[in-house]
Ligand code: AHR
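Next up: just one chain, as structure tokens, the form predicted on its own.
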Amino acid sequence: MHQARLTLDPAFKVAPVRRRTFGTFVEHLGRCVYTGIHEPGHPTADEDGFRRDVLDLTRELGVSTVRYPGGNFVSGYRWEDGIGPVAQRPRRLDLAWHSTETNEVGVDEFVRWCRKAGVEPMMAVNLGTRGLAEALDLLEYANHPSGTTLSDLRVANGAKEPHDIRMWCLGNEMDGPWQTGHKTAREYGRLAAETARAMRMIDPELELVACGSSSSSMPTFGTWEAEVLEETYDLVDYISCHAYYQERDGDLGSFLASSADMEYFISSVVATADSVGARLKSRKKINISFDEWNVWYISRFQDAGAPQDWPVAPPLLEDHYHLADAVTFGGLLITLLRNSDRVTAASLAQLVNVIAPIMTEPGGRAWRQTTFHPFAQASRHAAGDVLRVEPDSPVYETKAYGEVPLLHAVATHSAEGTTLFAVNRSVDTPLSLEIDARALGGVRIVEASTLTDPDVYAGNSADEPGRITPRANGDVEADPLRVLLPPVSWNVIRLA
């Protein structure tokens, strides 16, 4: 058995818990929209065609924001296609995912869905095949109260009140050669700056996100951020990060330590942004919107290739997650929380069916994937301030990241209590964790749950939706405070 210990102290404050950390992502990709959030013929469909079972699970997941409509999709999107009478909307070829887009769901429907789900909409504009003028048109349509052609068109389309979308992404992954309208950093930076400046002429209080690197492994990583921010620094609030992880060649140990790469990504982007700010003699700090992150077995998608025709809502990127995926996922979420001083928004990609915590059958059932549970628990229990914890933990050697601690953890603290989120990365050995909570006064462990299973590759399905689910951890000692963390496990320990 391994031994580890950590200290909980409210003086070790990192930043307030950012509710936007618990954002997700809905893209017109595969079955995320159609037969995901929207399926008019489904038994649970409401008057707008939205699946009530998915709405219920979205609320249970604890989602705060939803980024829309992409993703790669946005770089070829004409937002006007998705407004007005549905029967008159054009069908278009979507080059990003080699599909046909029916435009049955557009900006008005999406915002209506957000209101029902109780989430904040986050909109991306097309800076791939389109540009400044189209972004201004969409902003005026969405946010201006009335009295102009576009705002009155929104009212005529049934949305009397402005959508009041506050957070806007200036394009998507423009560093990627796969992106429709791919640009160099200077080309994109100039376009993003021009667009941001004009959007602020309509509303100076918008929160704007410039595209950062789509992966820390991109050959332009670092120089991309520097050149983009040299053009946009005083005009944007965030630089984006995107990262996906998968187990490769049976290397479970490295996979469970994927958050080490995310930590490197965050610290590198922060250093680059602050360096640009220093050169510009600015006191402003650029924060990070980590608006795409997840476990994604991208190699399976690459091996499968694009569809041979142009189907509507084909099943794409429908990874079925197991326990090890959920534990790795939990480690990524811990890293986002640990960096809440600079990562002030994030979007899990995606919400339904497409590499998602929620899965559905067309016309049938919906269920929680294994990754649903760490997200839902963290969203529910993270409150107050994030506390930095530096565990005294055994380490292990990984092929991908070198020496990594077995224990990965973060805590949050509020007047109602303190919650510790912890992952045991050991593939075969329990870890006994001793918690020094003297600085919190006479607290005790009031609840401890663990997500684990003897089979690390076991998952959930429509027929067995509760195969992997959090269960009470009975291995708790009161004095000293000690919890036994099973191998390959995500753990939530609440103290009060």
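Position 1 is the first residue in the sequence shown; the rest follow in order. All figures in this text were calculated on a predicted structure; none of them were measured in a lab.
We do not show the form predicted in complex with this ligand, though everything after this point is about it.
Asks: Which one of these stretches, 40 to 48, 433 to 441, 457 to 465, 25 to 33, sits within 4.5 Å of this ligand in the model of the complex when only heavy atoms are counted?
Replies: Of the options given, it is 25 to 33.
Asks: Please state whether all three residues Asn72, Leu317 and Ala349 have a non-hydrogen atom within 4.5 angstroms of this ligand in the model of the complex.
Replies: Yes, the whole trio is in contact, each within 4.5 Å by some heavy atom.
Asks: Which residue, Glu101, Asp325, Glu292, Glu225, has a heavy atom that falls within 4.5 Å of this ligand in the model of the complex?
Replies: Spelling it out, the residue with a heavy atom inside the cut-off is Glu292.
Asks: Could you work out which of Glu109, Asp261, Glu173, Glu247 is the residue within 4.5 angstroms of this ligand in the model of the complex, going by heavy atoms?
Replies: Spelling it out, the residue with a heavy atom inside the cut-off is Glu173.
Asks: Please tell me whether any heavy atom belonging to Met359 falls inside 4.5 Å of a heavy atom of this ligand, as the geometry stands in the model of the complex.
Replies: Although this ligand is absent here, Met359 would stay clear of it in the model of the complex, with no heavy atoms inside 4.5 Å.
Asks: Does Tyr188 make contact with this ligand in the model of the complex, using a 4.5 Å heavy atom cut-off?
Replies: Judged by the heavy-atom cut-off of 4.5 Å, Tyr188 is well away from this ligand in the model of the complex.
Asks: So in the model of the complex, does Trp168 come within 4.5 Å of this ligand, heavy atom to heavy atom?
Replies: Heavy-atom contact with this ligand at 4.5 Å: absent for Trp168.
Asks: So in the model of the complex, is this ligand close enough to Ile355 to count as touching (4.5 Å, heavy atoms)?
Replies: Yes, Ile355 is a contact residue.
Asks: Within 84 to 112, which residues come within 4.5 Å of this ligand in the model of the complex, counting heavy atoms only?
Replies: Only a single residue, Trp97, comes within 4.5 Å of the partner.
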